[in-house]
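One chain is shown next in structure tokens, namely the form predicted on its own.
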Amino acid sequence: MKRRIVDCHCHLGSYFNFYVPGPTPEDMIRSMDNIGVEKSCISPHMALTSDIVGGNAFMLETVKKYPDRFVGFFTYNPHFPELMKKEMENAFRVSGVKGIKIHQGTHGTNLMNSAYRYLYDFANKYCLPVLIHTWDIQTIKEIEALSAEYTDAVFIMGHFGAVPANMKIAASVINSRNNIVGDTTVSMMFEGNIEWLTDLVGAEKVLYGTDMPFIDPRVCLGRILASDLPEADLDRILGENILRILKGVRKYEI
């Protein structure tokens, strides 16, 4: 049986700070086809930086055009709470939107910003995955606190804490909760990192993510496929875990 590969952490479109090759949906599909990726979860760069409404509209357009290839993650900017409430409710009327993306770094805040509370309540009600840019100890500790309060939401530590010292702390938090996982979108890597992360938290708590098109997805996939992990663990990491999480999302009530 063909292995299902689903990328839980992708973006879309150009980035303001440097050149990103292959940023269009069609470019990304070509990359996905080249390495056997079935679907990718997307949050456009535009929504993370300059245009929250335009970025989320780009996500919706892409999900509607390619429903079999992309899963939409709505990007939430807490500086515009009333706008976000309206936009998020409209976005989740689209069946291909299954998660929420937080990038508190580019939005210049932290996860305890009270304007995020509507998002957390919404995610908890509908059992949504919340993908969070996890790059420092403060964010890890905030996810620890929030996951205890919002037990039906699934918190994805994007980047797993970024560096080995933080990853150890992230792993400890992941192990303490049923509703936290970490992804493999890691910019700073050492040999055996995938095996190490899996040993720390178990294969059922590690998700395949790449940051495509921000980062070439072939590097991360090769690192996983060339690891010493058993086939069953590879299946979990590369697709089964995120598919299980997405399957658990409740239908949005209009």
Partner chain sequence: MDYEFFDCNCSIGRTSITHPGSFDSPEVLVNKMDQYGISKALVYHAVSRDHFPAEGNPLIDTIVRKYDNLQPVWVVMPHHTGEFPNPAVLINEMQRKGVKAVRIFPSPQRQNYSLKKYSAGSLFDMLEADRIPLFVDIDEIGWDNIDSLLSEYGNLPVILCNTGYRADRYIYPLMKAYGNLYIETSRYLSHLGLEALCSTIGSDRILFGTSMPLYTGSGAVFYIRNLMLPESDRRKIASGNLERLLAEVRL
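As the structure is a prediction and not an experimental result, all values here were calculated from the model. Numbering follows the first chain given and starts at 1.
The next section is about a form of this same protein that is not shown, the form predicted in complex with the partner chain.
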- Query: So, Met189, Ile215 and Asp228: all three within 4.5 Å of the partner chain in the predicted complex by heavy atoms, or not?
  - Reply: yes
- Would you please decide whether Cys41 lies within 4.5 angstroms of the partner chain in the predicted complex, comparing each non-hydrogen atom pair? no
- Just to confirm, Pro164 within 4.5 Å of the partner chain in the predicted complex by heavy atoms? yes
- Message: Whether Ser31 contacts the partner chain in the predicted complex should be assessed with a 4.5 Å heavy atom distance threshold; does it?
- Response: yes
- Message: Tyr66 versus the partner chain, in the predicted complex: is there a non-hydrogen atom within 4.5 Å?
- Response: no
- Item | Single option in Ala203, Leu48, Leu60, Leu221 placed near the partner chain in the predicted complex, where near means a heavy atom within 4.5 Å | Leu221
- Of the residues spanning 233-247, the ones with some heavy atom within 4.5 Å of the partner chain in the predicted complex are none
